[in-house]
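Read the single chain below, which is given as C-alpha coordinates and is the form predicted alone.
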(Lines give C-alpha, C1' and ligand atoms only; values in the text may rest on other atoms or scores of the structure.)
Protein backbone atom coordinates (compact mmCIF):
# COMPACT_ATOMS: atom_id res chain seq x y z
CA UNK A 1 0.00 0.00 0.00
CA UNK A 2 2.88 2.40 0.73
CA UNK A 3 4.33 1.83 -2.74
CA UNK A 4 0.96 2.42 -4.40
CA UNK A 5 0.34 5.62 -2.39
CA UNK A 6 3.77 6.95 -3.32
CA UNK A 7 3.13 6.24 -7.00
CA UNK A 8 -0.16 8.15 -6.87
CA UNK A 9 1.54 11.13 -5.23
CA UNK A 10 4.28 11.16 -7.86
CA UNK A 11 1.76 11.05 -10.70
CA UNK A 12 -0.21 13.93 -9.18
CA UNK A 13 2.96 15.97 -8.72
CA UNK A 14 3.97 15.28 -12.33
CA UNK A 15 0.61 16.46 -13.67
CA UNK A 16 0.65 19.63 -11.60
CA UNK A 17 4.18 20.50 -12.69
CA UNK A 18 3.69 19.62 -16.34
CA UNK A 19 1.19 22.34 -17.01
CA UNK A 20 2.48 25.14 -14.81
CA UNK A 21 1.85 27.39 -17.81
CA UNK A 22 -1.84 27.36 -18.73
CA UNK A 23 -3.26 27.19 -22.27
CA UNK A 24 -4.43 30.80 -21.99
CA UNK A 25 -0.88 31.94 -21.23
CA UNK A 26 0.43 30.23 -24.38
CA UNK A 27 -2.41 31.44 -26.58
CA UNK A 28 -0.79 34.69 -27.83
CA UNK A 29 2.09 32.71 -29.32
CA UNK A 30 -0.01 29.81 -30.61
CA UNK A 31 -2.40 32.29 -32.26
CA UNK A 32 0.57 33.83 -34.07
CA UNK A 33 1.71 30.40 -35.24
CA UNK A 34 -1.75 29.47 -36.51
CA UNK A 35 -2.22 32.81 -38.28
CA UNK A 36 1.13 32.45 -40.00
CA UNK A 37 0.14 28.96 -41.16
CA UNK A 38 -3.14 30.17 -42.68
CA UNK A 39 -1.49 33.04 -44.53
CA UNK A 40 1.59 31.03 -45.48
CA UNK A 41 2.61 29.41 -48.74
CA UNK A 42 2.41 25.72 -47.89
CA UNK A 43 0.15 24.97 -50.87
CA UNK A 44 2.81 26.45 -53.14
CA UNK A 45 5.38 24.26 -51.38
CA UNK A 46 3.22 21.19 -51.93
CA UNK A 47 2.71 22.10 -55.58
CA UNK A 48 6.46 22.56 -56.04
CA UNK A 49 7.17 19.19 -54.44
CA UNK A 50 4.59 17.19 -56.38
CA UNK A 51 4.82 18.91 -59.76
CA UNK A 52 8.61 19.38 -59.83
CA UNK A 53 9.71 15.98 -58.55
CA UNK A 54 6.64 13.82 -59.11
CA UNK A 55 6.70 10.39 -57.52
CA UNK A 56 9.44 9.99 -54.89
CA UNK A 57 10.03 6.27 -54.73
CA UNK A 58 12.49 5.30 -52.01
CA UNK A 59 16.03 5.13 -53.40
CA UNK A 60 15.14 6.69 -56.75
CA UNK A 61 16.86 9.73 -58.29
CA UNK A 62 13.63 11.71 -57.82
CA UNK A 63 13.65 10.91 -54.12
CA UNK A 64 17.24 12.08 -53.76
CA UNK A 65 16.53 15.32 -55.62
CA UNK A 66 13.52 16.00 -53.42
CA UNK A 67 15.64 15.38 -50.28
CA UNK A 68 18.21 17.90 -51.48
CA UNK A 69 15.39 20.35 -52.27
CA UNK A 70 14.03 19.93 -48.73
CA UNK A 71 17.45 20.74 -47.26
CA UNK A 72 17.48 24.01 -49.18
CA UNK A 73 13.90 24.75 -48.10
CA UNK A 74 14.81 24.43 -44.43
CA UNK A 75 17.85 26.65 -44.94
CA UNK A 76 15.79 29.27 -46.75
CA UNK A 77 13.79 29.67 -43.52
CA UNK A 78 16.98 30.56 -41.67
CA UNK A 79 17.53 27.12 -40.12
CA UNK A 80 21.22 26.32 -40.40
CA UNK A 81 21.35 22.95 -38.65
CA UNK A 82 20.11 20.81 -41.55
CA UNK A 83 21.61 17.54 -42.73
CA UNK A 84 21.05 14.41 -44.72
CA UNK A 85 21.27 11.29 -42.56
CA UNK A 86 21.85 8.19 -44.69
CA UNK A 87 20.65 4.66 -44.12
CA UNK A 88 20.82 1.58 -46.35
CA UNK A 89 18.04 -0.54 -47.82
CA UNK A 90 18.68 -4.12 -48.99
CA UNK A 91 17.68 -3.52 -52.61
CA UNK A 92 16.97 -0.63 -54.93
CA UNK A 93 14.03 -0.88 -57.32
CA UNK A 94 12.47 1.24 -60.04
CA UNK A 95 9.39 0.45 -62.06
CA UNK A 96 9.70 -0.18 -65.77
CA UNK A 97 6.85 -1.53 -67.88
CA UNK A 98 4.36 -4.33 -67.39
CA UNK A 99 1.80 -5.95 -69.68
CA UNK A 100 -0.42 -8.97 -69.50
CA UNK A 101 -2.68 -10.84 -71.90
CA UNK A 102 -5.14 -13.66 -71.53
CA UNK A 103 -4.18 -16.07 -74.29
CA UNK A 104 -6.93 -18.69 -73.86
CA UNK A 105 -9.76 -19.61 -73.63
CA UNK A 106 -10.29 -16.03 -74.88
CA UNK A 107 -7.84 -13.37 -75.96
CA UNK A 108 -7.86 -10.00 -74.21
CA UNK A 109 -5.57 -7.46 -72.61
CA UNK A 110 -5.41 -7.52 -68.80
CA UNK A 111 -5.15 -4.62 -66.35
CA UNK A 112 -1.68 -5.37 -64.98
CA UNK A 113 1.10 -3.55 -63.12
CA UNK A 114 4.27 -4.81 -61.50
CA UNK A 115 4.28 -5.27 -57.78
CA UNK A 116 6.94 -3.22 -56.04
CA UNK A 117 10.36 -4.75 -55.43
CA UNK A 118 9.90 -7.63 -57.84
CA UNK A 119 12.34 -8.71 -60.56
CA UNK A 120 11.72 -8.66 -64.28
CA UNK A 121 10.47 -11.61 -66.26
CA UNK A 122 12.98 -13.20 -68.65
CA UNK A 123 13.38 -11.46 -72.01
CA UNK A 124 10.21 -12.01 -74.00
CA UNK A 125 8.10 -12.54 -70.87
CA UNK A 126 6.50 -15.71 -69.57
CA UNK A 127 3.43 -17.68 -70.64
CA UNK A 128 1.74 -20.38 -68.66
CA UNK A 129 -1.41 -21.95 -67.35
CA UNK A 130 -2.91 -20.33 -64.28
CA UNK A 131 -3.04 -22.08 -60.91
CA UNK A 132 -5.42 -20.53 -58.41
CA UNK A 133 -4.13 -19.99 -54.83
CA UNK A 134 -6.62 -18.87 -52.18
CA UNK A 135 -4.79 -20.16 -49.08
CA UNK A 136 -1.03 -19.87 -48.51
CA UNK A 137 -0.91 -21.87 -45.29
CA UNK A 138 2.04 -24.32 -45.36
CA UNK A 139 -0.24 -27.37 -45.34
CA UNK A 140 -2.02 -26.09 -48.45
CA UNK A 141 1.25 -25.74 -50.40
CA UNK A 142 2.64 -29.24 -49.84
CA UNK A 143 1.74 -30.37 -53.34
CA UNK A 144 4.17 -27.89 -54.86
CA UNK A 145 4.84 -29.90 -58.06
CA UNK A 146 1.65 -28.43 -59.51
CA UNK A 147 3.30 -24.97 -59.52
CA UNK A 148 6.11 -25.86 -61.93
CA UNK A 149 5.93 -23.86 -65.14
CA UNK A 150 2.70 -22.18 -64.02
CA UNK A 151 1.61 -18.62 -63.27
CA UNK A 152 0.08 -18.47 -59.82
CA UNK A 153 -3.01 -16.31 -59.31
CA UNK A 154 -3.27 -15.29 -55.65
CA UNK A 155 -6.77 -14.39 -54.49
CA UNK A 156 -6.05 -11.38 -52.31
CA UNK A 157 -9.58 -11.21 -50.93
CA UNK A 158 -9.18 -14.70 -49.43
CA UNK A 159 -5.51 -14.52 -48.45
CA UNK A 160 -5.95 -11.24 -46.56
CA UNK A 161 -9.37 -12.17 -45.17
CA UNK A 162 -7.92 -12.42 -41.63
CA UNK A 163 -5.96 -9.21 -42.06
CA UNK A 164 -2.41 -8.25 -42.98
CA UNK A 165 -1.02 -9.24 -39.56
CA UNK A 166 -2.03 -12.89 -40.03
CA UNK A 167 -1.30 -13.05 -43.75
CA UNK A 168 2.24 -11.66 -43.86
CA UNK A 169 4.07 -14.54 -42.09
CA UNK A 170 2.27 -17.08 -44.28
CA UNK A 171 3.16 -15.18 -47.45
CA UNK A 172 6.79 -14.81 -46.38
CA UNK A 173 6.97 -18.59 -46.01
CA UNK A 174 5.22 -19.16 -49.35
CA UNK A 175 7.53 -17.20 -51.66
CA UNK A 176 10.51 -19.60 -51.45
CA UNK A 177 8.12 -22.53 -51.91
CA UNK A 178 6.82 -21.02 -55.15
CA UNK A 179 10.34 -20.21 -56.35
CA UNK A 180 11.79 -23.65 -55.55
CA UNK A 181 8.83 -25.35 -57.23
CA UNK A 182 9.57 -23.53 -60.49
CA UNK A 183 6.60 -21.17 -60.71
CA UNK A 184 7.02 -18.64 -63.53
CA UNK A 185 5.45 -15.68 -61.73
CA UNK A 186 2.78 -14.69 -59.26
CA UNK A 187 -0.21 -12.44 -59.92
CA UNK A 188 -2.15 -10.90 -57.01
CA UNK A 189 -5.73 -9.71 -57.42
CA UNK A 190 -6.34 -6.10 -56.40
CA UNK A 191 -9.15 -5.02 -54.06
CA UNK A 192 -10.53 -1.99 -55.96
CA UNK A 193 -13.51 -1.93 -58.31
CA UNK A 194 -13.19 -0.89 -61.95
CA UNK A 195 -9.77 -2.57 -62.34
CA UNK A 196 -8.15 0.27 -60.38
CA UNK A 197 -4.67 -0.71 -59.21
CA UNK A 198 -2.91 0.17 -55.94
CA UNK A 199 0.87 0.47 -55.85
CA UNK A 200 2.40 -1.78 -53.18
CA UNK A 201 4.98 -4.46 -52.53
CA UNK A 202 4.79 -7.84 -50.83
CA UNK A 203 7.83 -7.98 -48.54
CA UNK A 204 8.62 -5.85 -45.49
CA UNK A 205 11.92 -3.99 -45.65
CA UNK A 206 12.66 -3.17 -49.31
CA UNK A 207 13.65 -6.76 -50.05
CA UNK A 208 13.35 -8.17 -53.54
CA UNK A 209 10.68 -10.81 -54.15
CA UNK A 210 12.33 -14.04 -55.40
CA UNK A 211 10.20 -14.29 -58.56
CA UNK A 212 8.40 -11.86 -60.87
CA UNK A 213 5.15 -10.51 -59.45
CA UNK A 214 2.27 -8.44 -60.76
CA UNK A 215 -1.06 -7.17 -59.56
CA UNK A 216 -4.18 -7.56 -61.66
CA UNK A 217 -7.39 -5.55 -61.61
CA UNK A 218 -10.16 -7.02 -59.48
CA UNK A 219 -12.59 -7.59 -62.35
CA UNK A 220 -9.95 -9.19 -64.57
CA UNK A 221 -8.92 -11.45 -61.72
CA UNK A 222 -12.51 -12.51 -61.11
CA UNK A 223 -12.99 -13.33 -64.77
CA UNK A 224 -9.96 -15.62 -64.72
CA UNK A 225 -11.36 -17.35 -61.62
CA UNK A 226 -14.70 -17.94 -63.33
CA UNK A 227 -13.03 -19.32 -66.43
CA UNK A 228 -10.92 -21.68 -64.31
CA UNK A 229 -14.15 -23.34 -63.17
CA UNK A 230 -14.60 -24.56 -66.75
CA UNK A 231 -11.04 -25.45 -67.71
CA UNK A 232 -7.46 -24.20 -68.16
CA UNK A 233 -6.65 -20.52 -68.52
CA UNK A 234 -3.39 -19.40 -70.12
CA UNK A 235 -1.96 -15.90 -69.66
CA UNK A 236 1.27 -14.18 -70.65
CA UNK A 237 3.18 -11.56 -68.66
CA UNK A 238 6.05 -9.24 -69.50
CA UNK A 239 7.57 -7.22 -66.65
CA UNK A 240 10.65 -5.02 -66.97
CA UNK A 241 12.02 -3.36 -63.83
CA UNK A 242 15.39 -1.97 -62.73
CA UNK A 243 16.83 -3.61 -59.62
CA UNK A 244 20.06 -3.12 -57.71
CA UNK A 245 21.76 -4.25 -54.54
CA UNK A 246 22.12 -2.28 -51.33
CA UNK A 247 21.09 1.34 -51.85
CA UNK A 248 21.74 4.45 -49.77
CA UNK A 249 18.70 6.57 -48.88
CA UNK A 250 18.74 9.88 -47.01
CA UNK A 251 16.49 11.14 -44.26
CA UNK A 252 16.36 14.93 -43.98
CA UNK A 253 16.73 16.30 -40.44
CA UNK A 254 16.70 19.94 -39.31
CA UNK A 255 16.85 21.36 -35.79
CA UNK A 256 15.96 24.59 -34.01
CA UNK A 257 17.74 24.63 -30.67
CA UNK A 258 15.70 25.31 -27.56
CA UNK A 259 16.10 28.54 -25.63
CA UNK A 260 16.33 27.01 -22.14
CA UNK A 261 16.61 23.21 -22.37
CA UNK A 262 18.30 22.58 -25.71
CA UNK A 263 19.31 19.01 -24.81
CA UNK A 264 15.65 18.04 -24.51
CA UNK A 265 13.86 17.76 -27.84
CA UNK A 266 10.65 16.97 -29.60
CA UNK A 267 10.45 15.66 -33.15
CA UNK A 268 7.96 16.57 -35.88
CA UNK A 269 8.07 14.10 -38.75
CA UNK A 270 6.53 12.97 -42.01
CA UNK A 271 7.72 10.67 -44.76
CA UNK A 272 9.07 12.19 -47.94
CA UNK A 273 8.91 9.06 -50.06
CA UNK A 274 5.83 8.04 -52.03
CA UNK A 275 4.65 5.31 -54.32
CA UNK A 276 5.03 5.88 -58.03
CA UNK A 277 1.62 5.72 -59.70
CA UNK A 278 1.08 9.45 -59.12
CA UNK A 279 2.84 12.33 -57.35
CA UNK A 280 2.06 11.40 -53.75
CA UNK A 281 0.21 14.61 -52.91
CA UNK A 282 -1.78 13.21 -49.98
CA UNK A 283 0.58 10.34 -49.22
CA UNK A 284 2.64 12.01 -48.13
CA UNK A 285 3.38 15.29 -49.87
CA UNK A 286 0.88 16.97 -47.57
CA UNK A 287 2.76 15.73 -44.52
CA UNK A 288 6.11 16.80 -45.97
CA UNK A 289 4.83 20.28 -46.78
CA UNK A 290 3.34 20.50 -43.29
CA UNK A 291 6.66 19.74 -41.59
CA UNK A 292 8.38 22.34 -43.76
CA UNK A 293 5.69 24.92 -43.02
CA UNK A 294 5.79 24.30 -39.27
CA UNK A 295 9.57 24.68 -39.41
CA UNK A 296 9.14 28.01 -41.21
CA UNK A 297 6.76 29.48 -38.62
CA UNK A 298 8.93 28.36 -35.70
CA UNK A 299 12.01 29.87 -37.34
CA UNK A 300 10.12 33.18 -37.60
CA UNK A 301 9.22 33.32 -33.89
CA UNK A 302 12.39 35.08 -32.86
CA UNK A 303 12.74 33.26 -29.54
CA UNK A 304 12.46 29.46 -29.78
CA UNK A 305 10.49 27.48 -27.19
CA UNK A 306 12.27 25.99 -24.20
CA UNK A 307 13.10 22.67 -25.85
CA UNK A 308 14.73 21.97 -29.17
CA UNK A 309 12.56 20.94 -32.10
CA UNK A 310 13.77 18.48 -34.72
CA UNK A 311 12.05 18.30 -38.08
CA UNK A 312 12.41 15.00 -39.94
CA UNK A 313 11.47 13.92 -43.45
CA UNK A 314 11.82 10.17 -43.68
CA UNK A 315 12.64 7.82 -46.53
CA UNK A 316 11.50 4.22 -46.85
CA UNK A 317 8.20 4.59 -44.98
CA UNK A 318 6.26 2.75 -47.67
CA UNK A 319 8.60 -0.24 -47.39
CA UNK A 320 8.24 -0.63 -43.61
CA UNK A 321 9.05 2.65 -41.78
CA UNK A 322 12.69 2.11 -42.68
CA UNK A 323 13.97 5.67 -42.39
CA UNK A 324 12.43 6.40 -39.00
CA UNK A 325 13.51 2.99 -37.70
CA UNK A 326 17.09 3.65 -38.88
CA UNK A 327 17.01 7.05 -37.16
CA UNK A 328 15.89 5.52 -33.87
CA UNK A 329 18.65 2.92 -34.09
CA UNK A 330 21.28 5.57 -34.86
CA UNK A 331 20.13 7.88 -32.05
CA UNK A 332 19.38 5.33 -29.33
CA UNK A 333 21.76 6.98 -26.86
CA UNK A 334 19.82 10.25 -26.89
CA UNK A 335 16.25 8.97 -27.02
CA UNK A 336 15.95 9.52 -23.27
CA UNK A 337 15.96 13.25 -24.08
CA UNK A 338 13.16 12.95 -26.64
CA UNK A 339 10.05 14.36 -24.95
CA UNK A 340 7.54 13.52 -27.69
CA UNK A 341 7.14 12.70 -31.38
CA UNK A 342 4.48 14.30 -33.60
CA UNK A 343 3.75 12.59 -36.92
CA UNK A 344 1.62 13.59 -39.90
CA UNK A 345 0.82 10.98 -42.54
CA UNK A 346 -2.90 10.40 -42.91
CA UNK A 347 -3.65 12.74 -45.78
CA UNK A 348 -5.05 16.25 -45.71
CA UNK A 349 -8.58 15.36 -44.66
CA UNK A 350 -10.70 17.39 -42.25
CA UNK A 351 -8.73 17.32 -38.96
CA UNK A 352 -10.05 15.73 -35.80
CA UNK A 353 -7.14 15.86 -33.37
CA UNK A 354 -4.52 13.33 -32.32
CA UNK A 355 -4.12 9.60 -31.88
CA UNK A 356 -2.27 9.03 -28.60
CA UNK A 357 -1.29 5.44 -29.48
CA UNK A 358 -2.87 3.58 -26.59
CA UNK A 359 -1.51 5.91 -23.90
CA UNK A 360 -4.30 6.76 -21.45
CA UNK A 361 -1.90 8.93 -19.44
CA UNK A 362 -1.03 10.89 -22.57
CA UNK A 363 -4.69 11.36 -23.40
CA UNK A 364 -5.36 12.68 -19.89
CA UNK A 365 -2.38 15.04 -20.11
CA UNK A 366 -3.41 16.31 -23.54
CA UNK A 367 -7.07 16.88 -22.68
CA UNK A 368 -6.83 20.40 -21.18
CA UNK A 369 -4.64 21.53 -24.05
CA UNK A 370 -6.92 20.00 -26.63
CA UNK A 371 -9.86 21.76 -24.99
CA UNK A 372 -8.05 25.05 -24.53
CA UNK A 373 -6.01 25.42 -27.73
CA UNK A 374 -6.94 22.79 -30.33
CA UNK A 375 -10.71 22.59 -30.16
CA UNK A 376 -11.21 25.87 -32.04
CA UNK A 377 -8.91 24.53 -34.78
CA UNK A 378 -11.11 21.42 -35.22
CA UNK A 379 -8.41 19.42 -33.51
CA UNK A 380 -9.76 18.79 -30.03
CA UNK A 381 -10.47 15.06 -30.27
CA UNK A 382 -8.15 12.38 -28.89
CA UNK A 383 -8.13 8.73 -29.95
CA UNK A 384 -6.62 5.82 -28.01
CA UNK A 385 -6.17 3.76 -31.19
CA UNK A 386 -2.73 2.15 -31.43
CA UNK A 387 -1.12 1.90 -34.87
CA UNK A 388 2.19 0.94 -36.42
CA UNK A 389 1.34 2.11 -39.91
CA UNK A 390 3.56 5.18 -40.13
CA UNK A 391 6.67 6.76 -38.69
CA UNK A 392 5.67 7.33 -35.07
CA UNK A 393 5.91 3.52 -34.79
CA UNK A 394 9.63 3.04 -34.12
CA UNK A 395 9.47 5.69 -31.38
CA UNK A 396 6.57 4.10 -29.48
CA UNK A 397 8.62 0.89 -29.29
CA UNK A 398 10.98 2.86 -27.04
CA UNK A 399 8.19 4.14 -24.82
CA UNK A 400 8.31 7.69 -26.16
CA UNK A 401 5.02 9.64 -26.10
CA UNK A 402 3.77 9.81 -29.68
CA UNK A 403 1.02 11.82 -31.34
CA UNK A 404 -0.19 10.88 -34.82
CA UNK A 405 -2.32 13.50 -36.55
CA UNK A 406 -5.90 12.24 -36.73
CA UNK A 407 -7.97 13.35 -39.72
CA UNK A 408 -11.10 12.25 -41.54
CA UNK A 409 -9.95 9.45 -43.85
CA UNK A 410 -13.33 8.71 -45.43
CA UNK A 411 -12.09 9.90 -48.84
CA UNK A 412 -8.41 9.11 -48.34
CA UNK A 413 -8.43 5.56 -49.64
CA UNK A 414 -10.11 6.65 -52.85
CA UNK A 415 -6.70 8.03 -53.88
CA UNK A 416 -4.24 6.27 -51.53
CA UNK A 417 -1.39 4.65 -53.57
CA UNK A 418 -3.34 5.25 -56.77
CA UNK A 419 -2.77 7.25 -59.94
CA UNK A 420 -5.30 9.76 -58.58
CA UNK A 421 -3.15 10.92 -55.63
CA UNK A 422 -2.57 14.39 -57.04
CA UNK A 423 -2.66 17.91 -55.60
CA UNK A 424 -6.11 18.73 -56.98
CA UNK A 425 -7.56 16.38 -54.31
CA UNK A 426 -6.14 18.49 -51.45
CA UNK A 427 -8.63 20.79 -49.71
CA UNK A 428 -6.70 23.95 -48.79
CA UNK A 429 -8.58 24.77 -45.59
CA UNK A 430 -8.44 21.23 -44.21
CA UNK A 431 -4.76 21.04 -45.12
CA UNK A 432 -3.91 24.29 -43.33
CA UNK A 433 -6.03 23.39 -40.31
CA UNK A 434 -3.97 20.23 -39.90
CA UNK A 435 -0.75 22.21 -40.14
CA UNK A 436 -1.99 24.68 -37.53
CA UNK A 437 -2.83 21.82 -35.14
CA UNK A 438 0.69 20.41 -35.56
CA UNK A 439 2.31 23.81 -34.97
CA UNK A 440 0.23 24.68 -31.90
CA UNK A 441 0.69 21.23 -30.36
CA UNK A 442 4.43 21.30 -31.02
CA UNK A 443 4.75 24.68 -29.29
CA UNK A 444 2.88 23.63 -26.17
CA UNK A 445 4.88 20.39 -25.86
CA UNK A 446 8.21 22.13 -26.47
CA UNK A 447 7.40 25.08 -24.20
CA UNK A 448 5.76 23.34 -21.23
CA UNK A 449 7.63 23.32 -17.92
CA UNK A 450 7.69 19.52 -17.69
CA UNK A 451 7.41 16.71 -20.25
CA UNK A 452 3.90 16.07 -21.47
CA UNK A 453 4.05 12.44 -20.32
CA UNK A 454 6.77 10.06 -19.14
CA UNK A 455 8.55 7.41 -21.16
CA UNK A 456 7.04 4.02 -20.40
CA UNK A 457 9.00 0.82 -19.89
CA UNK A 458 9.38 -2.12 -22.28
CA UNK A 459 6.73 -4.21 -20.54
CA UNK A 460 4.18 -1.41 -20.75
CA UNK A 461 4.89 -0.97 -24.45
CA UNK A 462 4.42 -4.70 -24.89
CA UNK A 463 1.03 -4.54 -23.19
CA UNK A 464 -0.12 -1.79 -25.56
CA UNK A 465 1.09 -3.73 -28.62
CA UNK A 466 -0.57 -6.92 -27.41
CA UNK A 467 -3.87 -5.14 -26.78
CA UNK A 468 -3.68 -3.74 -30.32
CA UNK A 469 -2.79 -7.20 -31.72
CA UNK A 470 0.41 -5.80 -33.23
CA UNK A 471 2.97 -7.74 -31.20
CA UNK A 472 3.14 -10.84 -33.41
CA UNK A 473 3.54 -8.83 -36.61
CA UNK A 474 6.32 -6.68 -35.17
CA UNK A 475 8.10 -9.74 -33.81
CA UNK A 476 7.84 -11.36 -37.25
CA UNK A 477 9.41 -8.41 -39.09
CA UNK A 478 12.17 -8.17 -36.49
CA UNK A 479 11.53 -4.79 -34.89
CA UNK A 480 10.17 -5.97 -31.53
CA UNK A 481 11.23 -8.48 -28.89
CA UNK A 482 8.93 -9.12 -25.91
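Fair warning: this is a prediction, and the values are worked out from it, not measured in the lab. Numbering follows the first chain given and starts at 1.
Just so it is clear, the following notes concern the form predicted in complex with another copy of the chain, a form of the same protein that is not shown.
*Asks:* Residue 52: heavy atom within 4.5 Å of another copy of the chain in the model of the complex?
*Replies:* Yes.
*Asks:* Counting only non-hydrogen atoms and a 4.5 angstroms cut-off, does residue 171 reach another copy of the chain in the model of the complex?
*Replies:* Contact with another copy of the chain, no.
*Asks:* Does residue 230 reach another copy of the chain in the model of the complex, with heavy atoms at most 4.5 Å apart?
*Replies:* Contact check for residue 230: yes, within 4.5 Å of another copy of the chain in the model of the complex.
*Asks:* Looking at the partner-bound form in the model of the complex, is residue 27 within 4.5 Å of another copy of the chain by any heavy atom?
*Replies:* It does not: once another copy of the chain is placed as it appears in the model of the complex, residue 27 has no heavy atom within 4.5 Å of it.
*Asks:* If contact means a heavy atom within 4.5 Å, which one of 358-366, 125-133, 302-310, 278-286 is the stretch that engages another copy of the chain in the model of the complex?
*Replies:* The contacting stretch is 278-286.
*Asks:* Would you mind picking the one in 148, 140, 193, 248 that has a heavy atom within 4.5 Å of another copy of the chain in the model of the complex?
*Replies:* Checked against the cut-off, the match is 193.
*Asks:* I need to confirm a contact call. Of 85, 409, 255, 219, which residue comes within 4.5 Å of another copy of the chain in the model of the complex, counting heavy atoms only?
*Replies:* Among 85, 409, 255, 219, a heavy atom within 4.5 Å of another copy of the chain in the model of the complex occurs only for 219.
*Asks:* Pull the contact list for 415-442: residues with a heavy atom within 4.5 Å of another copy of the chain in the model of the complex, in sequence order.
*Replies:* 415, 418, 419, 420, 422, 423, 424, 425 sit within 4.5 Å of the partner.
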